[in-house]
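Encoded as structure tokens, the following chain is the form predicted on its own, with no partner shown.
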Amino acid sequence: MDKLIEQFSLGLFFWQTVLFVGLVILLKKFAWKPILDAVNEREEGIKNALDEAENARKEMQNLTADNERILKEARAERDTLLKEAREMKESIISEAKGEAQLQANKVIEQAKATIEAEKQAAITDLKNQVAELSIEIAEKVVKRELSDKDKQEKLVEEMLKEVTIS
């Protein structure tokens, strides 16, 4: 019985080995290849996704660098425009002040000339009025003095003396 069990064990071992090898061959032919292909495909997909992610990261870095460069350029251009605007404002203000000063000086000169002309006209008018008044006064005095014959002779003598003395 031991022998029979031994033979049975050997036979069982043999058939188990044959079944195992057959199973491995079947698995290799029908299961391993599709499984390995699926695993390789998955690995390739993951590798491609990682490459695309790396490319996207590099592209984002490039875009960020470009954005920073564009922002710097825009800030520099803004600063330049502001500087030019300030200079233009100062130039316009300076020109306006100069023009206003010239106009003010012109108006002042015209006012001085007008005042001087009016002053001269007033002086002339005053002289004329004084002369007229003097003539009127002299006329009245002369009329009064000349109303009497003795006074007339005396006045003529005084005038003759003054004329000969001068």
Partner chain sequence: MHRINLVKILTLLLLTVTISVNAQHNSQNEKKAENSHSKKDLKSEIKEYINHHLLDSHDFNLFSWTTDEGEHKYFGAPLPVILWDGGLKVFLSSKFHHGEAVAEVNGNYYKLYHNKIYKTDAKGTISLDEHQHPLNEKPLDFSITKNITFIFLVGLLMFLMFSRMAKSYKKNNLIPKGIGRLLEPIVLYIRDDIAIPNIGEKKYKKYMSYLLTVFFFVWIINLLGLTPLGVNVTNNIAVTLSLALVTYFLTTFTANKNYWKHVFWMPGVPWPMKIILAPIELLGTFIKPFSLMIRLYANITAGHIVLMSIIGLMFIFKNWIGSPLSFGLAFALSLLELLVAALQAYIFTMLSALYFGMAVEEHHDDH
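Numbering follows the first chain given and starts at 1. Rigid core: the largest C-alpha set superposing within 1.5 Å between the two forms. Computed from a predicted model, the values in this text were never measured in an experiment.
The next section is about a form of this same protein that is not shown, the form predicted in complex with its partner chain.
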**Request:** Consider the chain as shown here, without its partner, and state which of 51, 99, 139, 41 has a heavy atom within 4.5 Å of its partner chain in the predicted complex.
**Result:** 41
**Message:** Given a 4.5 Å cut-off on heavy atoms, tell me which of 65-73, 128-136, 24-32, 103-111 is the interface stretch with its partner chain in the predicted complex.
**Reply:** 24-32
**Asked** Is residue 163 one of the residues lying within 4.5 Å of its partner chain in the predicted complex, judged by heavy atom distances?
**Response** no
**Prompt:** Does residue 159 reach its partner chain in the predicted complex, with heavy atoms at most 4.5 Å apart?
**Reply:** no
**Message:** Whether residue 147 contacts its partner chain in the predicted complex should be assessed with a 4.5 Å heavy atom distance threshold; does it?
**Reply:** no
**Message:** Test of understanding: in the predicted complex, would residue 155 fall inside 4.5 Å of its partner chain by heavy atoms?
**Reply:** no
**Prompt:** On a core-based superposition, does residue 116 travel 2 Å or more at its Cα between the shown form and the other one?
**Reply:** no
**Request:** Superpose the two forms on their rigid core, then report whether the C-alpha of residue 34 is displaced by 2 angstroms or more between the shown form and the other one.
**Result:** yes
